[in-house]
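Only one chain is shown below, in structure tokens, and it's the form predicted on its own.
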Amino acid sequence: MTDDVAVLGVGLHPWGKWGRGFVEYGAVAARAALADAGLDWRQVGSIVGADTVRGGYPGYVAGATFAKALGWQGARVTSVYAACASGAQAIGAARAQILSGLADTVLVVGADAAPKGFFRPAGGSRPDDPDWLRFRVLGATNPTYFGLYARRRMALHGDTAVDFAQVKVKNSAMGALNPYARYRKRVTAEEVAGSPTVADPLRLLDICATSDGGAALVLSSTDFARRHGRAEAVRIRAVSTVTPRYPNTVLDLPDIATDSAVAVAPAAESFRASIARAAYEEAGVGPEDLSLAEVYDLSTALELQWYEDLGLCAEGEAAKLLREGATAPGGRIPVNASGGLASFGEAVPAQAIAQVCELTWQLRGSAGDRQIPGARVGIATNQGLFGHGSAVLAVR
């Protein structure tokens, strides 16, 4: 298809708490991706950096920061920020440059050095900033609203703490097989239940950590891939970065109110469901075609929500899908074969890129002990605050 771009190379810096700067993590991932692609940095026509707000000015201009770290060579540069969707928007920008003919090859890089504990709002007093307000007025830290989402699923669909724990059990088993994961220990349901309560009903092991890490991709036109002997490279067929529709009648923090639906009927689907639908429509596939999915499991309950938003099952049936083993390796549609955020922790600008690295390894058939047999189509999805959709669909 003419709208495909090839994934020539992928690279990660292991996740953890390393005590170093984000630039080092991103440069390591970038060099690994270039080596995987068989390209020299000087052959790259453009670099797109996913920004971090925790690295000072260099974090706000991540594209140029990584270009300098790799060595100035005149490449076109772009920097993007979209909270947790930053990596997907960086991929989308790179894809647009390739399809428009501005560059044959683009390096996409994201990295973060995260704080200890949970993320905090930027400093200062900003009463017109919903993110600042949800911390200062509601006291709604990230784990707080993860807990609210979990309570909503329990109230609407009958999910239980046992179901949430089983998500962690599944993901930790896969993370134990991933050399880039921060947490490489299998966890039992009893260990989840015995961990401290953080935001009822969620316990410590239900919630993802904050981590350091880096991820990178080398993307190219399909013509370039063929000329360089990579005609069978994994291809990105769709990138969805949609926004919500008015009125949005489901509370979704950091916004602390919903829109009125008095004059306009609500959309037929939720915002997160629209992210996946846009990717499916662009790629010409459906959820029934997927071999695997990588989803943003900020909490165990949120992974279950993604099952429904991706169309893997009907609304309210996510826990049933999990209990049947459909989302585990060997099941109908494995989810988070990488181990997910449960095993990595959250390195905001890197994570969506890392998801595509996992899809690429799986679709290449090179994921080792994590390999999903016969993987041909995969989707990676998450959501950035303030209405940033994020989904990338890849095929082999």
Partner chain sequence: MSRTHMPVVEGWFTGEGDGFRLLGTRCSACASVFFPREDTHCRNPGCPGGELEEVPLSPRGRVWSYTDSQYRPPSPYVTDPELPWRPYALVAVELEAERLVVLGQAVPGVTVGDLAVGMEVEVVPGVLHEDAETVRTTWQWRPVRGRAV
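Residue numbers count along the first chain shown, from 1. A quick note: this is a predicted structure, and the numbers were derived from the prediction, not measured.
Form predicted in complex with its partner chain: not shown, discussed below.
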Discussion item. Taking a heavy atom within 4.5 Å as contact, would all three of L99, A268 and I275 count as contacting its partner chain in the model of the complex?
Written reply: no
Worksheet entry | in the model of the complex, the one of V264, A231, V162, A314 near its partner chain [non-hydrogen atom within 4.5 angstroms] | V264
Practice prompt. Would you mind picking the one in E282, D104, E191, D259 that has a heavy atom within 4.5 Å of its partner chain in the model of the complex?
Written response: D259
Item to complete: Mark Q73 yes when one of its heavy atoms lies within 4.5 Å of a heavy atom of its partner chain in the model of the complex, and no otherwise.
Response: no
Worksheet item: Would F119 sit within 4.5 Å of its partner chain in the model of the complex, counting heavy atoms only?
Response: yes
Discussion item. Residue-level question: is K320 within 4.5 Å of its partner chain in the model of the complex, judged on heavy atoms?
Written reply: no
Worksheet item: So in the model of the complex, does R152 come within 4.5 Å of its partner chain, heavy atom to heavy atom?
Response: yes
Worksheet item: its partner chain isn't shown here, but in the model of the complex, which of 210 to 218, 246 to 254, 163 to 171, 294 to 302 has heavy atoms within 4.5 Å of it?
Response: 246 to 254
Worksheet entry | Partner contacts for 110 to 144, taking its partner chain in the model of the complex and a 4.5 Å heavy atom cut-off | F118, F119, R120, P121, W132, L133, F135, R136, V137, L138, G139, A140, T141, T144
